[in-house]
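Just the one chain here, the form predicted on its own, laid out as structure tokens.
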């Protein structure tokens, strides 16, 4: 009888270019290379990894597609370590979720867990220009929309409020994950037209929660900020879930 294994599926075998790409990434970390540092030449990599020119070039194409290296031609050219920008990282992750049919419940399970803690951590630590920016965003959905286009823009603006908060986090992982989750929700809202039909309760309660949250953030009351954000997420989850059900032509169960 073959030995027991905990793997449910056999991991796919990496091609030679993929193996070399991994080794190059490991070498970048081990050598402490930073964005903008030049990588060894093609000939040096061929010698170091004992691979052909074609394999090395394909490995570099893989890394460039991932945004981890950038090629420059001409004098002073070569291949350089490149830092993946936030928007590119989000785009790559969005591609992963493209065919996974995420639901409002999926997104809000994440938001309910993370955003109250972010709000508590930011209380009393936001500079006045950031608070003013948040107030200006909230003003964009202070009154009911006059058209469906304005309704759509108000939905996007209300989510931008949360994306702006995420950018203030001292924890880069927490800020990125929340920002990415908000961007996913924005995509879902626009693709599935969850702003139709207009939902005045969603707008009014969302604006009220944002105003109360701003007061708690300005006052430095972390406990209140956490509680307000938690209630906001619960309320938005319910109302957005109903919007999703309407968009899909069905009703949510009791």
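In this text, the rigid core denotes the largest set of C-alpha atoms whose superposition between the two forms falls within 1.5 Å. Positions refer to the first chain, counted from 1. Just so we're clear, the structure is a prediction, and the values are computed from it rather than from any experiment.
FYI, the form predicted in complex with another copy of the chain isn't displayed, but the following is about it.
Checked against another copy of the chain in the predicted bound form, the candidates 61, 31, 192, 38 yield a single residue with a heavy atom inside 4.5 Å, and that residue is 61. Between the options 138, 159, 177, 126, the residue in contact with another copy of the chain in the predicted bound form by a heavy atom within 4.5 angstroms is 177.
The stretch among 44-52, 66-74, 217-225, 204-212 whose residues place heavy atoms within 4.5 Å of another copy of the chain in the predicted bound form is 66-74. A residue is said to contact a partner when one of its heavy atoms sits within 4.5 Å of a partner heavy atom; residue 167 fails this definition for another copy of the chain in the predicted bound form, lying far away. Residue 97 belongs to the set of residues with a heavy atom inside 4.5 Å of another copy of the chain in the predicted bound form. In the predicted bound form, another copy of the chain sits within 4.5 Å of a heavy atom of residue 93. Residue 153 falls outside the set of residues with a heavy atom inside 4.5 Å of another copy of the chain in the predicted bound form. Along 113-149, a non-hydrogen atom within 4.5 Å of another copy of the chain in the predicted bound form is carried by 113, 114, 117, 121, in order along the sequence.
Relative to the superposed rigid core, the position of the CA of residue 187 differs between the shown form and the other one by less than 2 Å. Once the rigid core is overlaid between the shown form and the other one, residue 39 counts among the residues whose Cα shifts by 2 Å or more.
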